[in-house]
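We begin with a single chain expressed as structure tokens, specifically the form predicted on its own.
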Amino acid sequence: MAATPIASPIAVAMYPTLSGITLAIGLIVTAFFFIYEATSSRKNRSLGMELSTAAAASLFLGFGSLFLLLASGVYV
């Protein structure tokens, strides 16, 4: 039996587009998080809101960085 090569479920041509989109979304969510922290008082802040916003920003920036590395030829 011949081994089958591992193939990416996402086309290589889509890596630059995905990196741009996910990095842009991550930066927008990060900016929202910063504005939320800077404009709300300590009494009005919600830990759940802070954690969910930070997790979303981290997720989008992480995948954006991954696709940026893949688009530039650094296969991790």
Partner chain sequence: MAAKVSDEMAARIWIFVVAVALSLSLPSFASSQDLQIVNAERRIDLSSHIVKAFLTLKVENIGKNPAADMLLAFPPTQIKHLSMVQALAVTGKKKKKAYLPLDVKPSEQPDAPNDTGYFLVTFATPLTPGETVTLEVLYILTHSLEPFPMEIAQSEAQLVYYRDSAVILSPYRIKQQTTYFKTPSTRVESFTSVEPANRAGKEIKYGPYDDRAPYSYAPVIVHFENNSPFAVVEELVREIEISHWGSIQITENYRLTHGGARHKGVFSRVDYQSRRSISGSSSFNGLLAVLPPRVNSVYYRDDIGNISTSHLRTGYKKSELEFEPRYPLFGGWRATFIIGYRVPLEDYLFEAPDGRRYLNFTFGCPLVETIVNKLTIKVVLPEGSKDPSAVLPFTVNQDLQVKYSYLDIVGRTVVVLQKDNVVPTHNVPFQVYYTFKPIYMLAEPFMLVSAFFFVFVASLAYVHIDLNIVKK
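No experiment lies behind these values; they were computed from the predicted model shown. Residue numbers count along the first chain shown, from 1.
A second form of this protein, the form predicted in complex with the partner chain, is not displayed here; the remarks below concern that form.
For the chain shown alone, residue 51 is a contact residue for the partner chain in the predicted bound form, at least one non-hydrogen atom being within 4.5 angstroms. Remark: residue 62 counts among the residues lining the partner chain in the predicted bound form, judged by a heavy atom distance of 4.5 Å or less. Using a 4.5 angstroms limit between non-hydrogen atoms, residue 35 is distant from the partner chain in the predicted bound form. The partner chain is not shown here, and in the predicted bound form it never comes within 4.5 Å of any heavy atom of residue 17. Applying a 4.5 Å heavy atom cutoff to the partner chain in the predicted bound form picks out 45, 47, 50, 51, 54, 55, 57, 58, 59 from 44-59, in order along the sequence.
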